[in-house]
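For reference, the chain that follows is the form predicted alone, supplied as structure tokens.
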């Protein structure tokens, strides 16, 4: 994949040679450069011996290819906008610059001044007239400039992956565009971006295992946040009617192609809305993100006229072909190989799983794979209320929650509620969750201040959560979350 490591000594020798020439191996300020993509867009004629044939340009970047031929060197220069060929002739450079050229290695960063044109074969090329050394690379670089094949190597050397795997750099740039578009879309609609604490005294807002830490000065245990929800709702109480945050969330759980313990969430809350107003907002937001990337609306998720809205009960019944009563659900769960019992890891107590839990597990195991076959995104609603402790109940059927999830190709992309703003119901819901827990665990879970905030009065509201990493996966046609997170969590490298 790369040069032998003993070649690092030769690179150090070249570094010393550069210093002996009176040049700084680590470079200085280099003003006036033009991005390579803009240089390649300039008009250019073929190089010939008659004289200047193109505009004078200044570029800077990393050497990713270098071949020599006596009195002529060809190099390839890379920056974040693209690549361009360099042609260096011995009669076009000063003796000092020519000597400097012979000290170059793959990975070095240089600046060049010269004339832009094309070779006889039509290759856009800068004919170098002056060479400026900017940074010496002491580690050998991969020779394969068309991408790094080993996934483990790519993830551990993301800085090289971005240079030598074009898709990695493209995804990083597209991610920036997507997140910027989300901010612009919400800002234009009157939402205020806020920041809430990352360290929480109580790990609330989601059913997930937190990372724990300890604050020495206060001598208290704290948790890295597992959700953004509860602080944002407090701001609704305080009078901010449209708020959002794009922030890092931490869950001490498994790693898979769709899960990373540290990920980016968008959460927003709008006073006087509900799940259906949020549904419209969600569609418009995703369409705006698709448009920001260019290339047309080729993805199925951009159709705003025919997105199916399907009841979870209807979807489950059609797929499972069983009645919705307790016996039918238990029979279907047993047939699907699901465990019907739940064991408490601390107490060892075994209980039979509740009806709503089995319905949700059946949905995950049997229905979600069917959703993956759909060419359209699907809004699924009517979730069991018992599984949605922060969600308002349907007036006509309190057993169901006013909640939807957006599925695209079988992947859950967004989760939204009509927010529960009744402090009496909210406290009762929280306390039901704590039944059977130890007092220590109860203190860690029960957010008394949040209940107090609701008692001061939170307006009716709709709320939305979108996993930004999954959104980037969808819009960049990427199958693994590790490819859209620049630095995913990895085991420590073995010595």
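Fair warning: this is a prediction, and the values are worked out from it, not measured in the lab. Numbering follows the first chain given and starts at 1.
Not on display, but discussed next: the form predicted together with the RNA.
Chemist: Thinking of 105, 119 and 140 as one candidate spot, does the RNA come within 4.5 Å of a heavy atom in every one of them in the model of the complex?
Modeler: Yes: 105, 119 and 140 each sit within 4.5 Å of the RNA in the model of the complex.
Chemist: Would you mind picking the one in 248, 177, 355, 365 that has a heavy atom within 4.5 Å of the RNA in the model of the complex?
Modeler: Filtering the options by heavy-atom distance leaves 365.
Chemist: 397, 91, 213, 184: which sits within 4.5 Å of the RNA in the model of the complex by any heavy atom?
Modeler: Only one option qualifies, and that one is 91.
Chemist: Check residue 171 for me: does it contact the RNA in the model of the complex (non-hydrogen atoms, 4.5 angstroms)?
Modeler: So residue 171 does not count as contacting the RNA.
Chemist: Check residue 207 for me: does it contact the RNA in the model of the complex (non-hydrogen atoms, 4.5 angstroms)?
Modeler: Within the cut-off, so yes.
Chemist: In the model of the complex, does residue 149 come within 4.5 Å of the RNA, counting heavy atoms only?
Modeler: Because a heavy atom of residue 149 falls inside 4.5 Å of the RNA in the model of the complex, the answer is yes.
Chemist: Verify the contact flag for residue 69: yes if a non-hydrogen atom of it lies within 4.5 Å of a non-hydrogen atom of the RNA in the model of the complex, no if not.
Modeler: Answer yes; at least one heavy atom of residue 69 falls within 4.5 Å of the RNA in the model of the complex.
Chemist: Counting any heavy atom within 4.5 Å as contact, can you tell me which stretch out of 266-274, 233-241, 282-290, 154-162 lines the RNA in the model of the complex?
Modeler: That would be 154-162.
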